[in-house]
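In structure tokens, one chain follows: the form predicted alone.
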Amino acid sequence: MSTAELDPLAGARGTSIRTRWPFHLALAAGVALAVGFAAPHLIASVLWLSLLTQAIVDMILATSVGLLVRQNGRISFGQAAFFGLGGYLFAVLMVREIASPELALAAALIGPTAIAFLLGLVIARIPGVAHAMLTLAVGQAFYEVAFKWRELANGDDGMSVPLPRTLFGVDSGLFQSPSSMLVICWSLLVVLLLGLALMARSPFGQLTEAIRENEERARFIGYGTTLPRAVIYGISAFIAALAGVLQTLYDGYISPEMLHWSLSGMALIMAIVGGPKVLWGPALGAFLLFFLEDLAGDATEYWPALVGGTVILVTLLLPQGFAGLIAGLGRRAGERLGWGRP
């Protein structure tokens, strides 16, 4: 006997929750934004504010990887290419006085998005290991260019990025202050997650999920499958480029390591540990791994072994990641209260 048959009000409560999801989503976003704005007033340590800011940049990068996994069912070992490309485009165009800082920032977001969209049109149908290797090859190609082209940005030495006095009329010092940058990065992360949640519930989001589950069936009933996948590639690259621009603004420095495959691999691990099937899972995984690395690094010089062992344990014991565990517990609690599926 179903829950609705046992409790006639349960079905009504479940329907109410499902129809009021925009309100709940807006409420959650509002609370998250309030927490972000309050954080600098609650945390006195500049070191902790700086660590949190860097962790949030990683959370944005991991969110871009999670989007590819969740909506396209694809694994990328080249996401750092768009992260680094965003930072490099902004820095080179501005420092070489090719464009104004505002135009350079716009190009840093649009350029990687366009490249990823065009790339997606080519590799969208390639599944599995072959797709992962292609993304790795593309990412390393960008890394080699940045590493060896000294006239571009000093090659492997990297390049300092002095900011102008103002950017979009805002004092540039705000982008290099831990307290204000934490609020900026956190607010952008919340807005990104809100936008992705709305997209996932839109007809386009449901179409990409249908293509992910059974691409042949989607084509059979008349849907084109390449273009939606390419759009997801573009959105994912936009998010990664945004993270790269924020990193460059905050550090005032770029280096080829921003494009290296090891960063792509770390972002993928963050997404897997957090749980890519849940919207906020990759961000949670990035947060946990960032501070695990920091604590393990303070404890021992063999910290990579500790981090690796933890990742193996989490992968074996929590195949859906920490977010999957939390979401499952919440779903079961809701069913016991007769709220139906959230």
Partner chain sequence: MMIQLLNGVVYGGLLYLLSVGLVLIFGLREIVNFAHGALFMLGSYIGFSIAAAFDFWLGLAGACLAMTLVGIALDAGVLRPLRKHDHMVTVLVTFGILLVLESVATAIWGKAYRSMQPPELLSGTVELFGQPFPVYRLFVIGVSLCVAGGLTAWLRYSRTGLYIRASSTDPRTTAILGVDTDRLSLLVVGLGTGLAGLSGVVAAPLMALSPTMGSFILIESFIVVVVGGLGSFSGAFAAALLIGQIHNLGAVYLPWASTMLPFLLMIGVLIWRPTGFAGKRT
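Numbering follows the first chain given and starts at 1. Because the structure is a prediction, the values reported are computed rather than measured.
A second form of this protein, the form predicted in complex with the partner chain, is not displayed here; the remarks below concern that form.
By the 4.5 Å heavy atom rule, the three marked residues 127, 136 and 315 all count as contacting the partner chain in the predicted bound form.
Shown alone here, residue 261 lies within 4.5 Å of the partner chain in the predicted bound form, counting heavy atoms only. For the chain shown alone, residue 255 is not a contact residue for the partner chain in the predicted bound form, no non-hydrogen atom being within 4.5 angstroms. Using a 4.5 angstroms limit between non-hydrogen atoms, residue 32 is distant from the partner chain in the predicted bound form.
For the chain shown alone, residue 269 is a contact residue for the partner chain in the predicted bound form, at least one non-hydrogen atom being within 4.5 angstroms. Residues within 4.5 angstroms of the partner chain in the predicted bound form, judged by any non-hydrogen atom, belong to 136-144 and to none of the other stretches in 136-144, 197-205, 175-183, 101-109. Comment: the partner chain is not present in this chain, but in the predicted bound form one of 26, 305, 42, 47 has a heavy atom within 4.5 Å of it, namely 305.
The listed set 192, 167, 132, 235 contains one residue whose heavy atoms approach the partner chain in the predicted bound form to within 4.5 Å, identified as 132. Residues are counted as partner-facing when one of their heavy atoms sits within 4.5 Å of the partner chain in the predicted bound form; in 200-227 not one qualifies.
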